[in-house]
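Form predicted alone, single chain, as structure tokens, below.
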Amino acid sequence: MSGEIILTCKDLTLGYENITLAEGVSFTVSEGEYWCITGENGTGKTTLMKTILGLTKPLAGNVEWNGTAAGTGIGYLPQQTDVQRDFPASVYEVVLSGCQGRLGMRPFYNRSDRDLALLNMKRMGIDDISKRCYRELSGGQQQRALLARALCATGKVLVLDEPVAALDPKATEEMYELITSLNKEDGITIIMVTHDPEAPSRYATHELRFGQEVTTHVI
């Protein structure tokens, strides 16, 4: 069951410089919902993600985070670049870096941060490979590490940009199962970009579909 509204997007125009990708984007996200954002490449999906995270300004319209999610409590899993896949750090170090937003004025991680990183590695089933180098992992293991990292930043909202991109079918299904468990069992709100046309009907409560017009659907 959905709770209070935590995100309101009203009459957004998305794009960059003089290029408009989408207009009239309006929707609200409530606690506990699972949103899939779908559509062809170049229609504005990733731009929307960056806009609601405050990384990109909309060309028009407003984005407002409400309640407990306002400005905090948001975990982000972006699409990986080749450079990031080759990052020379341990799994533990990658996951722990998700606690940076918790540091405040502290110069170092404390026991609470370290315990949270260990907890989230266990939740993602990668606690047994915590000392391995991140760049030596399979694609599925890397995505689990990044999801654990995002969880260190939030207990409320996960924003996921193509979390199953380039994964094999088995790893894809396992990742979807993990995300669904976080939504249904832990009550974490999910906002996910995906190219998978079956994902909304299989997992989501709502779909935001980009095309000639941007439409929303309750599933």
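Note that residue numbering follows the sequence shown and begins at 1. Being a predicted model, the structure only gives us computed values, none of them experimental.
What comes next is about the form predicted in complex with a small molecule, which is not displayed.
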Self-check item: Region of this chain that lies against the small molecule in the predicted bound form, out of 180-188, 57-65, 25-33, 39-47 [heavy atom, 4.5 Å]
Solution: 39-47
Quiz item: For residue 79, is any heavy atom within 4.5 Å of the small molecule in the predicted bound form, or not?
Solution: yes
Quiz item: Is there any non-hydrogen atom of residue 21 lying within 4.5 Å of the small molecule in the predicted bound form?
Solution: yes
Practice problem: Would you check, heavy atoms only and a 4.5 Å threshold, whether residue 202 touches the small molecule in the predicted bound form? | Solution: no
Quiz prompt | Contact test in the predicted bound form: residue 162 vs the small molecule, heavy atoms, 4.5 Å | solution = yes
